[in-house]
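This document opens with one chain alone, in structure tokens, the form predicted alone.
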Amino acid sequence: MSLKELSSLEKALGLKKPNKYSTQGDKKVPVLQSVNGPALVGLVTIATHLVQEAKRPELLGGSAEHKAVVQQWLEYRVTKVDGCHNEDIKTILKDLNSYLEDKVYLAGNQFTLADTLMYYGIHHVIVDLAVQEKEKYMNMTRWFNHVQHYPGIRHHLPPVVVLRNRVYTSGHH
């Protein structure tokens, strides 16, 4: 999956010449073989390199604090989301929902690489959620829908239908 993500990220960043990727190990860790340097290994390492190559540093955060928040979410994606078991996904959705209660994006009010990679990482889960489950995670669903409509992000993924109007607000039946 991460090879498709990296290809989509290249397109979203407007990089003209596609890179060649391979994978290593049982977990299929992505590898980017560089022409004039050592190979880059790992989704976050390669994605960060692509952002720098595209000269889009704002996607990595502006201030030192903002950069740290972006890195925190990139690490969360790789350590918690990738390869998580079905019973753990509800905890991840609950955590994201709670965190996004007062935020537009994962790193506050600015779209970053963290939003892109988290969107790619949880898309396969969100696409299978029932309407009621999407409503249960309303903040996360709002964020997800916002990111999927961000220009150039969705590429290889089908759109996820999100209802815009809730018929019943929680507790008022």
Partner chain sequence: MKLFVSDGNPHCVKVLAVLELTGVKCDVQHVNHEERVVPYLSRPAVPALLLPSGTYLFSPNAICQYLMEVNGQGSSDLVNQWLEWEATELQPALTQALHMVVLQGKRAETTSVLQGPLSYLDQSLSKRSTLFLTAEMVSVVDVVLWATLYPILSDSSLVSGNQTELQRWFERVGVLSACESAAQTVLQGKGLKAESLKTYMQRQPAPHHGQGQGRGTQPCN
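Computed from a predicted structure; not experimentally measured. Positions refer to the first chain, counted from 1.
Another form, the form predicted in complex with the partner chain, is not on view; read the next lines as being about it.
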Asp128 within 4.5 Å of the partner chain in the predicted bound form, heavy atoms: yes
is_contact(Val69, the partner chain) in the predicted bound form, heavy atom dist at most 4.5 Å: yes
Partner proximity in the predicted bound form: Lys55 to the partner chain, non-hydrogen atom cutoff 4.5 Å: no
In the predicted bound form, Val35 touching the partner chain (heavy atom, 4.5 Å): no
Contact assignment for the partner chain in the predicted bound form, among Asn139, Gln110, Thr45, Asn145, heavy atom within 4.5 Å: Thr45
Within 4.5 Å of the partner chain in the predicted bound form, all of Glu65, Tyr76 and His124 (non-hydrogen atom): yes
In the predicted bound form, residues of 25-44 near the partner chain [heavy atom within 4.5 Å]: Lys27, Val29, Ala39, Leu40, Val41, Gly42, Leu43, Val44
